[in-house]
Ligand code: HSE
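Only one chain comes next, encoded as structure tokens, the form predicted alone.
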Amino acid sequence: MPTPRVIEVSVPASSANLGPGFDSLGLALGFRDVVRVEVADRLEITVEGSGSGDVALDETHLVHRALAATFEQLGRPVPPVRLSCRNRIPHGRGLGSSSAAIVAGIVAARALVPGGSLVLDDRAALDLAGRLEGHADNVAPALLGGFTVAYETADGYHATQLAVDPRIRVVVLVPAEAVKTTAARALLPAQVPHRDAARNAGRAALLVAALTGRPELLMDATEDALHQDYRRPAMPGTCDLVTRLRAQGVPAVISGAGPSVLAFVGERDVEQVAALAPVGWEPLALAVDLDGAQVC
């Protein structure tokens, strides 16, 4: 089989945590970044859309780092490539832009190697993506699609997919200003009260039930005691918006590390909730993406 020279990959946005499912639950969302990788004579990287003018255009670019790590795992030298990124996923908004970049690099590299998907199946690709990202809550839905539960064992990262109740829709409210994930995570305490941990475990389990068939439970199921309030100093406007939406009966949470807000709604409520976006925030009515990363 000849080695392909051009691969195009699309990867969905994702929202992690979903309230109480800290570092474990994730949901793929229906808008995508597209990455084109062409074997070339020298490294060349171009970026359109989000991140243009801000991200590195050398071998430290996140897609290229993931690409190189995958070639290394496959036992192949890293070829020079022409890398073109069309980014729709906003950076620094808690919508999985870094996970999409990592997954894009892995899937593209795997596709460039004949038989690559046999050597590096989705389980191995997920583990590599989780190691590059540091956790698997966003990379799992970005790679696999849908609603995922990610977890780590002695032999690496794993994830399982679950079907989302078709009555559930998602509205994401995206602020103009970004917040670095590292800054938001640095606010989390090293320890939490046992009562809070136990409450969150119950809510996370309830959230699985709510998303897969009991959407009437989403208000209770999206309560969080582990991370959202601790992030308030970095994103007070986000936390205030979550509080206001929940006071109106909308199951709203911080999307990932923030500062975007994700609200679960019924089909009839999409426009009403989107209209609650503060001035300067962009409302996005989104489907749950069921396909995950795709070679185009």
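No experiment lies behind these values; they were computed from the predicted model shown. The numbering used is simple: start at 1 and walk along the sequence shown.
A second form of this protein, the form predicted in complex with L-homoserine (HSE), is not displayed here; the remarks below concern that form.
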The chain here is shown without L-homoserine (HSE). Which stretch in 83 to 91, 106 to 114, 164 to 172, 135 to 143 comes within 4.5 angstroms of it in the predicted complex, by heavy atom distance? 135 to 143
Sole residue of R185, H158, R131, R76 within 4.5 Å of L-homoserine (HSE) in the predicted complex, by heavy atom: R185
Heavy atom within 4.5 Å of L-homoserine (HSE) in the predicted complex: which of A66, A257, L241, L29? A257
Would A13 count as touching L-homoserine (HSE) in the predicted complex under a 4.5 Å heavy atom rule? no
Applying a 4.5 Å heavy atom distance criterion, does T181 contact L-homoserine (HSE) in the predicted complex? yes
Using the partner position in the predicted complex, report whether W281 sits within 4.5 Å of L-homoserine (HSE), counting heavy atoms only. no
Within 17 to 32, the residues having any heavy atom within 4.5 Å of L-homoserine (HSE) in the predicted complex are N17, F22, D23
